[in-house]
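Quick setup: one chain, the form predicted on its own, written in C-alpha cells, and binding and motion questions come after.
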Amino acid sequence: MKRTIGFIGLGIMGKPMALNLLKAGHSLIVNDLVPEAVNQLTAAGATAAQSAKEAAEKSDIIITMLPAGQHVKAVVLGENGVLEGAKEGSILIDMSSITPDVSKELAKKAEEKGVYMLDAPVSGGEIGAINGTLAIMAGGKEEIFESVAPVLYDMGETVVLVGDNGCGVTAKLANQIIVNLNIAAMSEALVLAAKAGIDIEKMFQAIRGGFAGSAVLEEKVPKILERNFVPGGPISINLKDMNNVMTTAHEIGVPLPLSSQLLEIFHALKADGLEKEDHCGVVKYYEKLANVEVK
C-alpha cells in the first residue's frame, strides 16, 4: 500500500532514507533547512513543503529525522510545526536519536492532538541508509507499528517493535554504547599493532574471521587504512548520542564507566577540531597518545 508521507530532515541519513521511500512508490512531501537537499528530492519526484506544518497537513504519515532532541521538539511542537498541521489519526514517526524522556513527552503531546507517535531510531550508518538495510528499533503501540511497518521496511532490513513509546530510543542508546566502544577498542588494538610495527592489513585478515570480527571492524578498518574520515556517522552526532546515554543512565541510576571515558575522548576530538569527521576518527586520539599513525 502506497502512502503519502511527510519527511522532515534530509541530512546524511534522512536524504537516502527519503529517496528509498520514493523508490518504493510512496508520495513524499519534504522539508529541510538546506535548499540543496530539498532540490535533490524534488528532482527525484518529491514535493517541497515550506514548513513542517505544511508537510504534516498534506500527509498521513510524518517522519522526522533530525540531529538532536531540541531540533525534534522545535519541529514537532514549535510554531508552524508538525502538530499544528497534522490531521487527527495521522502518525508521527520520529527516527532521530534522542532521549527517552523527550520522546515520551512528544508522544504525550501528539496524543493530545489525536496524533499517534512511534519513536523509531536507526542503526547502520549512511551505507545502511543508502542501501535500505538499516536496523530500525521502534517504540509505541503495536497496532500503530503494524500499520506502518511496510513503510519502515522500505528503509530498513530489520524492523522490530521493542516496546512502548521511548523503548525504541532506549534501544538506540544501548546500540550506540556497543558501536562506539567497539570502535574505541578497535582503535586501541590498531594503534598497538602499528606501534609494534606489524602489517595492519595482514592482522585485519587474520582476526576478522574470529571473535574479534564485527560489522564495525569490516567497515571501519579499511577506512582507517585509507585515512578516509569522510563522515558516515560524524563524531559530533556520536558525541551527542553518548551525552544522551550518560544523561539517561544517570537519571535511572546506572553507572557506565567505559561510556563516560569514551564521552571524554569524543570531547577531546572535538577540541582538536575533528568533530565533523567519521567516528572511526577515534583512532586519532590513540595515535596522538602513542605518536604513531595507523596506515
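Sequential numbering from 1, following the sequence displayed. In this text the structure is predicted, and so the values were computed from the model without any measurement.
Form predicted in complex with a small molecule: not shown, discussed below.
Val254, Leu33, Ala43, Leu258: which sits within 4.5 Å of the small molecule in the predicted complex by any heavy atom? Going through each option in turn, the one that passes is Leu33.
Here the chain is shown alone; which of Ile29, Ile61, Leu262, Ile237 has a heavy atom within 4.5 Å of the small molecule in the predicted complex? Answer to the contact question: Ile237.
Region of this chain that lies against the small molecule in the predicted complex, out of 222 to 230, 53 to 61, 238 to 246, 263 to 271 [heavy atom, 4.5 Å]: Heavy atoms within 4.5 Å of the small molecule in the predicted complex occur in 238 to 246.
Is it the case that His71, even though its partner is missing from this view, gets within 4.5 Å of the small molecule in the predicted complex, heavy atoms only? His71: contacts the small molecule in the predicted complex.
Gly125: touches the small molecule in the predicted complex, heavy atom cutoff 4.5 angstroms: Gly125: yes, in contact with the small molecule in the predicted complex.
Ala49, heavy atom within 4.5 angstroms of the small molecule in the predicted complex: Contact with the small molecule, no.
Is it the case that Val179, even though its partner is missing from this view, gets within 4.5 Å of the small molecule in the predicted complex, heavy atoms only? Heavy-atom contact with the small molecule at 4.5 Å: absent for Val179.
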